[in-house]
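Before any questions on binding or motion, here is one chain by itself as structure tokens, the form predicted alone.
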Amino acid sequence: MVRLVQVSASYAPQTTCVLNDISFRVSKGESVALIGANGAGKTSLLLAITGILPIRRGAVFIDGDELSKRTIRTAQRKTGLVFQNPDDQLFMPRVYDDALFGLLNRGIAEEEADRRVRETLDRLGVGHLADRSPFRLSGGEKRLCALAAVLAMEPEVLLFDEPTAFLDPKARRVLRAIIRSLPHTKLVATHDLDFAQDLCSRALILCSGALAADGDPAALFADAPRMTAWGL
């Protein structure tokens, strides 16, 4: 479903690459954790997969199609990125407006867009927040509303950037249960090793912009010397 082949990327043509020669594949329906210390390249990798961060070398494939100027719109329709900070994603006066915004911009008919938004908000248990300002919600509520806005777009691949950051234990449990229930292909960047191990059957370890390991989370996390070497 998602395949990277020797991907290197940088934020400007003449700057040092933040991703270096990364290759891996995520199969349809698979949940994979993306683990790394601060600055390891987790967010950059998610941005490269969505086409936001330009690729200097290598290739990204979404559902078999190589990401390019010609295919980027189709690829972006198949991927949904949930940002680390919901305040970077929620900007409209009401939660409902935020979830509706992307659908209308994509040309979805208003009646269909309204149906999708209300069904998705209800599915995540935040339908009662539809008319609330996103700026007056708790951290957990914001996170669920941001996820609803992404799910309403009906992507096939979900990319999460530190989904449990700044959440209290109860909000983490609620979010974990919801993410686990989603049938999508999922790539989850996180510092929360317990969350990763509980949610994902596989982990990718990033270190200094390179892929350092790929395997079973329990086995990788139990290897203390290697974890220390990776800055974890």
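Sequential numbering from 1, following the sequence displayed. Here the structure is a predicted model, which means the values were calculated and not measured.
One more form of this protein should be noted, the form predicted in complex with a small molecule, which is absent from this view; the next part is about it.
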Checked 37, 59, 193, 174 for heavy atoms within 4.5 Å of the small molecule in the model of the complex; positive is 37
With the partner omitted here, the residue among 43, 185, 164, 50 that in the model of the complex has a heavy atom within 4.5 Å of the small molecule is 43
Heavy atom of residue 18 within 4.5 Å of the small molecule in the model of the complex:
yes
